[in-house]
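So this first bit is one chain, no partners, the form predicted on its own, shown in structure tokens.
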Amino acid sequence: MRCRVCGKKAVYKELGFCSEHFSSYFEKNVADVLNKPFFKEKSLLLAVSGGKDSSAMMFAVSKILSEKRLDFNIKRIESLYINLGIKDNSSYNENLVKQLSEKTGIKLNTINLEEFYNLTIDDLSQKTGKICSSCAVIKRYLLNKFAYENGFDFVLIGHNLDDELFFAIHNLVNRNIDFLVRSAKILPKDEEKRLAGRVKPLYYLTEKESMLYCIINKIPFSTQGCPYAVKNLQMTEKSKQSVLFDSRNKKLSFIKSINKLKKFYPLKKEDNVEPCIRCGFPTTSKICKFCRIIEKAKEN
């Protein structure tokens, strides 16, 4: 098969692109998400994990900015890696992220969970058993805390089209319509609630496309995966969904249809959000989930 743009050998047969034009297609999708007026002169924080999605996102964003493909300037851009203390995983991924930082020229910040909170995910797993939901809370909390306290307006995360498909179907099946409506490509900053904005530059790109982009551009990324995610619900459900949604066009059409339907469902205002009595960050109860996790770990 030949590239539909230049006639060279295609490396991505689903859309018919050679290496060069696939990279251009990938970067254009990322640039389209970021090329919005409210990002002008804003500070952006890239959440990086060492995996293919966040690594592809960081490299693509760095290339877009270096080639000045946006219609305005970004005030500041840095990245953040959270070392969760997972044996044979976290330190390895941190090394890969450091290589990526050198490759892109984007400053890397790190938070070591054990150093700051005397806790690791390995410790937490031994004490509580189920870990994935707690790990997600920890990462989300620390990303927002670091962004808010260091003056970043938006956190960029590597959620992709396959992730959005899972979230949409999972919330529909469980009738979590409010959660479904709140899931968006871009969430604005809320200074009053101490919440940084969140952006998903890979919103219209698949896991397969992130992998190919990394390979083509020789981007360092981990193929290990998290040892705790082997029996994770998201992993098992995604494999089932791939049977029904066997092309990127089907995935894309479904998400675009869901986004159209969201407009007919009013987003309920969260009146019960208040500052956590321990840390001051927003919660729907007196003590936020993060602080409860830390306290429970210390009790055990």
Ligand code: AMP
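In case it trips you up, residue 1 is the first one in the sequence shown, and so on. Note that the structure is predicted; figures quoted are calculated from it, not measured.
Missing here is the form predicted together with this ligand; even so, the following discussion is about that form.
> V48 near this ligand in the predicted complex, any heavy atom under 4.5 Å?
Yes, V48 lies within 4.5 Å of this ligand in the predicted complex.
> Is L96 near this ligand? Define near as a heavy atom within 4.5 Å, in the predicted complex.
No, L96 is distant from the partner.
> Any of the heavy atoms of G197 lying within 4.5 Å of this ligand in the predicted complex?
The answer is no: G197 has no heavy atom within 4.5 Å of this ligand.
> Although this ligand is absent from this view, report whether P220 comes within 4.5 Å of it in the predicted complex, heavy atoms only.
Contact with this ligand, no.
> Of these, 70-78, 204-212, 188-196, 156-164, which stretch puts a heavy atom within 4.5 angstroms of this ligand in the predicted complex?
Result of the contact check: 156-164.
> This ligand is absent from this chain, but in the predicted complex, do S54, L84 and K139 each have a non-hydrogen atom within 4.5 Å of it?
Result yes, every residue of the spot touches this ligand.
> Select from the listed residues L113, L143, I169, V181 the one whose heavy atoms reach within 4.5 Å of this ligand in the predicted complex.
By the 4.5 Å criterion, the partner-contacting residue is L143.
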